[in-house]
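Quick heads-up: it's one chain on its own, the form predicted alone, in structure tokens.
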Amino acid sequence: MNIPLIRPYLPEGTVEGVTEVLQSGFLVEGPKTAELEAGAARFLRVAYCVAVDSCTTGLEMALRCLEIGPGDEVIIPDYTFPATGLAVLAVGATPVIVDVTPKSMNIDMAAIGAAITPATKAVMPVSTFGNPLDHDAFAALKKEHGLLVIEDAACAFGAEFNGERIGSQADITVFSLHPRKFLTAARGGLITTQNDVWAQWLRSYKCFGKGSQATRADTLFDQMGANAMLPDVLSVIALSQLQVADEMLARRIELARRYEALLADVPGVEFPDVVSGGVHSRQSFCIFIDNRDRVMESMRGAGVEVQIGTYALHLHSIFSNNGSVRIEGSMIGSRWAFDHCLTLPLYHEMTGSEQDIVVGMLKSCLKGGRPE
């Protein structure tokens, strides 16, 4: 038996689409990448979308676009993948790490308020596993303190807050197209914004700082830039999924609800909180349990791939032993989530019988027995 944590969904026509791109000879930053950007902008109901080579690159670009660098502080959550903090370090700014609320696993708004100093220029919250942020609270924060908001929405493609899809509420939002994400290009990222000046800067930066052009001979390079372009051969993979994204989201939500029904009365299982007014994209289906590592090891040994949620940054030396990092608070919430969060398999083509197997094994392991 082998039930994976995630299995990318490749709709009919995906392979043919890749073949067409390979045969076209236009492999990088061509019509398919432009089509992905336009299609994602429509789906997310946002003015501008810029495709780049990774979410991590996208976060760094967002910081550079907003002129955040040495001397500036950026508040980030402790419970997140290291890329969130590494992007801040990459531009020379100071990551200020604060706690999360354990049941939502999203950044603690009170902790943000306590960490603000005159050097604070931005906050980079994470919509953890697809749980959207409370953007009303961030709007109030921006109004009171004048901070910029860059949303690390790596897992939140399709999530909503107050009827609006994530991608338009923050100043700049960055999504991931990693293989574990339900919308994937094998690798890549999407940056969204409502600001046309920032969008133009991002498009130029990802292509060596290239300005607008009439012909190739007229190309001018007029700003700092890098090679962060997303190849067409990858864009076409994400495009095939984007065309059925509503169906994919509905399926993930359906599977998550079935998990919740199956686990509702299981002793020792708790579910994360979803933000009020939010629609969770269910990028990952997580539960909280005691003895997480023991249960995880037993389930993996029986062929069911389960995983931790993510990492507590303050436990890693690149952040804890770094004079360029400031850690604020006890991280009680983050450490609790790190110790108790278990991610169960969830993928588009998962069957009910596979879910039943996962739940049966989980119940057995929670009782301290061997998986059945």
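Just count from 1 along the sequence shown to find any residue number. Keep in mind that this is a model prediction, so the values were computed, not measured.
The protein also exists as the form predicted in complex with a small molecule; that form is not presented, and the subsequent description refers to it.
For a residue to qualify, one of its non-hydrogen atoms must sit within 4.5 Å of the small molecule in the model of the complex; none of 184, 237 and 348 qualifies. Partner proximity in the model of the complex, defined as non-hydrogen atoms within 4.5 angstroms of the small molecule, places exactly one of 316-324, 40-48, 337-345, 54-62 at the interface: 54-62. The small molecule is not drawn, but in the model of the complex it has a heavy atom within 4.5 Å of residue 178. A residue is said to contact a partner when one of its heavy atoms sits within 4.5 Å of a partner heavy atom; residue 83 meets this definition for the small molecule in the model of the complex. When contacts are judged by a 4.5 Å heavy atom cut-off, residue 132 does not count as touching the small molecule in the model of the complex. At the 4.5 Å threshold, heavy atoms of residue 158 stay clear of the small molecule in the model of the complex, well away from it. Residue 126 is the only one of 123, 126, 202, 166 with a heavy atom lying within 4.5 Å of the small molecule in the model of the complex. Checked against the small molecule in the model of the complex, the residues 105, 230, 154, 191 give one hit for a heavy atom within 4.5 Å, which is 154.
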